[in-house]
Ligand code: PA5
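Here we start with a single chain on its own, the form predicted on its own, put down as structure tokens.
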């Protein structure tokens, strides 16, 4: 069992000179790969990169399992309040590994709590969720390492106010907070109010946090086997430190995607999932890739404005919305297909008394056959058009395979940082926007952030240009 990466159609002997990678291009990465690998190993040995060791954190895994065992049957609903990396990872795990109609299953058919993650501050989204959950049956999990993320802080205030009003003195039992082990507003709040809590390793950024308590706690509370998830991730570690580029799947993935942009001028990276279970993994991967690699400055301080533009697609749906562009539009994209050999369900297309050549060939086959045929056909069409693409296939979609996938791409992101010559662990562009948002909302200490902005909504231009369309 495992994952299979077929990258045949990434190379020029399959899709044509000028369209694909040449052996010489790959050879040109070997020195950078070697230096990056040595640097990553040294930083890991020094304790600066705890992300490599998350699947081996037995204490965290055991604590999460024990908490879930004691609390999973006490609550009907589990509501995760987080945004960005605090939400995308848990959402991806839930959709990949739980029943796709998990929340609609009867209580006796669900493995754990119903799961809700309103990963935005849209008032309609939050308000409508609160309309349909009973606080007395709900455990709220507020997730923020710093405790100061405005979106999560706002949700936190709403949640605490709701619980106090609806549950009185029992409100604390319905709240668990995941935050920094020592610092920040939320840690102080937990200590003061004696709120149950979990710690986030300070050395792990949000988009790399899915194998910490950020992702493991929601997974365990909804019935996912977090030990198998971590076992699958742990099984990828040795391969991701392999010193031969072709035998290191993380570095090879990163290198081919980097060359597609740097040498073949294909900066758009399409993550094309042919499974509804895998589609949220593409969403998780999109943040990991974009936030880690889209940088203004290189590691040596030069202004480079680099990074790929990742987008997600789902098959077969997006064959009918995007593939026309992909096959015949600008040659500025590279494709990573994500699929599985074995679906969790096997739905037969029945043989009937309807006889017509339009449908005869389908009768007696299975939806899994049709979907995988369409995946391979789309890849074939792209290959024929000289568009680089590769296929990552799961033997099956279970906790071990998903854990392996997530570890693989976290490692690939770190190698890609070396190829792009950027720091994959920071996000200064995100922080800049946060500071201006604080200023616009009147947070003390951030007034200077608006000095270069006019009064009108924080835009740089002092001349307002608007067009109102009357109905």
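Residue numbers count along the first chain shown, from 1. All values derive from a computational prediction rather than experimental measurement.
One more form of this protein exists, namely the form predicted together with the ligand; it is left out here, but the text below deals with it.
The stretch that touches the ligand in the model of the complex, counting heavy atoms within 4.5 Å, is 79 to 87, out of 246 to 254, 96 to 104, 168 to 176, 79 to 87. Taking the partner from elsewhere, residue 430 is found to have a heavy atom lying within 4.5 Å of the ligand in the model of the complex.
Contact check for residue 375: no non-hydrogen atom falls within 4.5 Å of the ligand in the model of the complex. For residue 206, a non-hydrogen atom is located within 4.5 Å of the ligand in the model of the complex, even though that partner is not displayed. None of the heavy atoms of residue 318 is located within 4.5 Å of the ligand in the model of the complex. Scanning 30, 44, 434, 443 against the ligand in the model of the complex with a 4.5 Å heavy atom cut-off leaves one residue, 434. When you look in the model of the complex, the only residue of 146, 342, 365, 262 with a non-hydrogen atom within 4.5 Å of the ligand is 146. Residues 287, 291 are the members of 280 to 295 with a non-hydrogen atom no more than 4.5 angstroms from the ligand in the model of the complex.
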